[in-house]
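Take a look at this one chain, the form predicted alone, written out in structure tokens.
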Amino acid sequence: MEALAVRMPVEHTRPPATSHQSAPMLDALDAYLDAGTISFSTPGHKSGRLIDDELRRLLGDPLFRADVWLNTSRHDTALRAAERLAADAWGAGEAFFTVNGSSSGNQAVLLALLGPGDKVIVARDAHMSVLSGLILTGAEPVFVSPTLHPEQLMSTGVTPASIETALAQHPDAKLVVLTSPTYHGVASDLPAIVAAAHARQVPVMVDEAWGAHFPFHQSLPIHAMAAGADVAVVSLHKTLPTISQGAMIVTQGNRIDRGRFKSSVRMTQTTSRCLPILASIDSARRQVALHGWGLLELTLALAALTRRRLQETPGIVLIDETSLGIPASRFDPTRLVIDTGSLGLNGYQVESILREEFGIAPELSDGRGIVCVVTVGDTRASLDALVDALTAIATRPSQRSALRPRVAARSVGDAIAQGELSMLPRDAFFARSRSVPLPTAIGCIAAEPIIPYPPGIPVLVPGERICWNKLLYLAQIAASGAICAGAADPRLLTIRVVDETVGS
């Protein structure tokens, strides 16, 4: 077996200025359990006393023992201390833990920084929670499309020039919203974009859900706080050892109204936050602050070895910074983006085989291939299993199906370009709507977001009038078997549109 070369660090990305040995949320939970507290508060399972036996077998007693509610003073004190340590670890001024992933974080930031009618520059590859934030605020989006690779049909990020143009055309914009990195591990040129926005005194928000590990190794793309962004929303649970839904918001600088920001965070969070999730965020912070470089050094070495082995497998094509034509500094090497077209199989088929025959679960599959996320939780054994499974699929007797035709890059570019925004997203969402067959929707106003994969970029947002290019593209991807997030009918047999006959 090929040995892993682990080199000593030249320098850490940013040594913590504060001692990170403690974990305040863990300490508070430990003290509660040691005290043998008898609870007459929520949650109702009371330390798991009457939990269903099957559920207990699956999840274990410790989880239910830890699912408690501290007294308010102890909880708030521990949480504030944990958030201060997280802010230091991420190089931020403040941090706020969230327990609904990045979704509630994105909504909180938009509520804090935008109001009805405010213009906001939004990268078109925004997550659905950003679109829901636009509906909540009543803001007016000005969309900027990312650049798509002409062959891979994959976003290579939003260019600084496109942001500068949008800001020049809309000098009254109140905020710039970016998604970096993308689902496929591609980061935009954040320092240049932030500089362009700050030159006009416009704050920058980065949806950095997939980049929680970036601050802790110099071989990863620059993270939002280091690039000078004003606020970033980070999903620790995606790439770090945190329970699902564990995320946080980090901020810095003086372009944000702190009072309104804190109120918005409280408004978008449940008042019954799951203590195990909060404790896991605190624990992950301690791990990466103290040991992140070493953990990621090993992870990067494992990912590199896996990449080399897969590249030697006929029919397996890996997409990386070279194939996308971007600098290595803007691609996350822990992301394995695999084009399965040369196998004669689309990504849906490969995922099905991996799950059913090999017990392996990719992060994403689409019409072109699969995406596998390598994290600090992976081992040589787990990655060997992935390589062995893909090699077995690639070398087995041919069971290849006829490939469905791929959509031309030009049609993708036309489809994601901003169309005519006839209504604000909020107004369209709350307007009376009706479902119509997809072929008859041309000229109608979308009442729901349509976000097909690939490439994971909204083709339609509420309020956008459906033109021929968008309709044609949606028909093509629906026929390919793609699933459309945001749509009431994910197969797009029908689409919800604004009922413009009301009041006529």
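The first residue of the shown sequence is 1; numbering continues from there. Remember, predicted model here, so these are calculated numbers, not experimental data.
One more form of this protein should be noted, the form predicted in complex with a small molecule, which is absent from this view; the next part is about it.
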{"query": "Contact segment among 125-133, 153-161, 339-347, 419-427, judged by heavy atoms lying within 4.5 Å of the small molecule in the model of the complex", "finding": "125-133"}
{"query": "Listed residue (S280, T306, Q107, S235) with a non-hydrogen atom within 4.5 angstroms of the small molecule in the model of the complex", "finding": "S235"}
{"query": "One residue of P362, P333, G91, G101 in contact with the small molecule, assessed in the model of the complex (non-hydrogen atom, 4.5 angstroms)", "finding": "G101"}
{"query": "In the model of the complex, F216 touching the small molecule (heavy atom, 4.5 Å)", "finding": "no"}
{"query": "T242 within 4.5 Å of the small molecule in the model of the complex, heavy atoms", "finding": "no"}
{"query": "Any non-hydrogen atom of T179 within 4.5 angstroms of the small molecule in the model of the complex", "finding": "yes"}
{"query": "Contact flag, A139 vs the small molecule in the model of the complex, heavy atom cut 4.5 Å", "finding": "no"}
